[in-house]
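Starting off, we have a lone chain in the form predicted on its own, written out as structure tokens.
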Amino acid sequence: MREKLLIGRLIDTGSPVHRLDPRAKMTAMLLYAVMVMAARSWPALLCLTAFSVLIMILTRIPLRMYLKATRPLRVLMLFILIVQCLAVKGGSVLVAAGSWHLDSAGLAAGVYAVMRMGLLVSFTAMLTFTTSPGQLNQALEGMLRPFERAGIPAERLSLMTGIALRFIPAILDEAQTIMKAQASRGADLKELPWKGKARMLTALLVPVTVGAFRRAEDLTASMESRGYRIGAPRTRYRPLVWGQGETWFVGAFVLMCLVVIWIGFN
């Protein structure tokens, strides 16, 4: 189960994108989300797709890995495609079955929505593929630090995010262990009908939740025994350094964002 989870996994290829400051990559991710929302026409979306593929190639990670990252959402993407095909009418009729008919406008709207969602998910995977959870945690804290005067606890939020990222694979491993234990007692998930699978997955919630609370309690005791305190002065093993490469990287996203907005509204 853990091997199937791609988002959140570091794939170190030593590319220039891997060596960038994580704050630059998080800033670029925010700009990319703006671009996805601003891409309101096919030319803007195609331009954004070409730019995305270029950045993915620079990471030296095979493009099939980005496609695999969208697999957990394939059911949701299919649902969005069907809803758009049923709701949007116009253009020429492609398929007709009684009173129902599939129009070209509905199909185009469905493909357009699925492409936007796929680009956003795959580019989010790029952020996690090229940045370790510790670097993401450090970058988040650094970006939220100026907002502490407004009452936003930067260190607490970054600590919560870092622990959550590290707990996901641990919880998946525990769920897989429980499923193997149930399978050894004759309750194999693959051999059960759909109702039995739903009942078995519901039964997994209690032991997995109890195990998560137990891990959280152990982690709290471990941190306290080592003298960790929120707000205590501390140094960084690897301090973040913003250089010329980070400026050019973010500048490329700013320029692309302006281009997509201009194409989308013209």
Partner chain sequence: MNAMENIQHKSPVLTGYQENIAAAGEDIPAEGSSKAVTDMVVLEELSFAYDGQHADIHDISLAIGKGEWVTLVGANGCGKSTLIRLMNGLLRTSYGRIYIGGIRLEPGTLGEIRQKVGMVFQNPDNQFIGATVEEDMAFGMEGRCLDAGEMRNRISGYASRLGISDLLHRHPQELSGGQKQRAAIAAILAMEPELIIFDEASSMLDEKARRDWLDLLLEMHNEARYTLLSITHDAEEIAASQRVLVMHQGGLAADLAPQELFRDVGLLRLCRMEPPFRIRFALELEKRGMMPAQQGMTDGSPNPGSEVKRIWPFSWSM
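The structure displayed is predicted, hence computed values, not measured ones. Numbering follows the first chain given and starts at 1.
The form predicted in complex with the partner chain is left out here; the points below concern that form.
- Of the candidate stretches 111-119, 88-96, 161-169, 145-153, only 161-169 contains residues with a heavy atom within 4.5 Å of the partner chain in the predicted bound form.
- For the three marked residues, Ser222, Tyr228 and Pro233, a heavy atom of each sits within 4.5 Å of the partner chain in the predicted bound form.
- In the predicted bound form, the partner chain sits within 4.5 Å of a heavy atom of Pro239.
- Heavy atoms of Gln84 never reach within 4.5 Å of the partner chain in the predicted bound form, leaving it off the interface.
- Under a 4.5 angstroms non-hydrogen atom cutoff, the partner chain in the predicted bound form has Arg215 among its neighbouring residues.
- At least one heavy atom of Ser132 is located within 4.5 Å of the partner chain in the predicted bound form.
- Looking at 107-126, no residue comes within 4.5 Å of the partner chain in the predicted bound form, counting any heavy atom.
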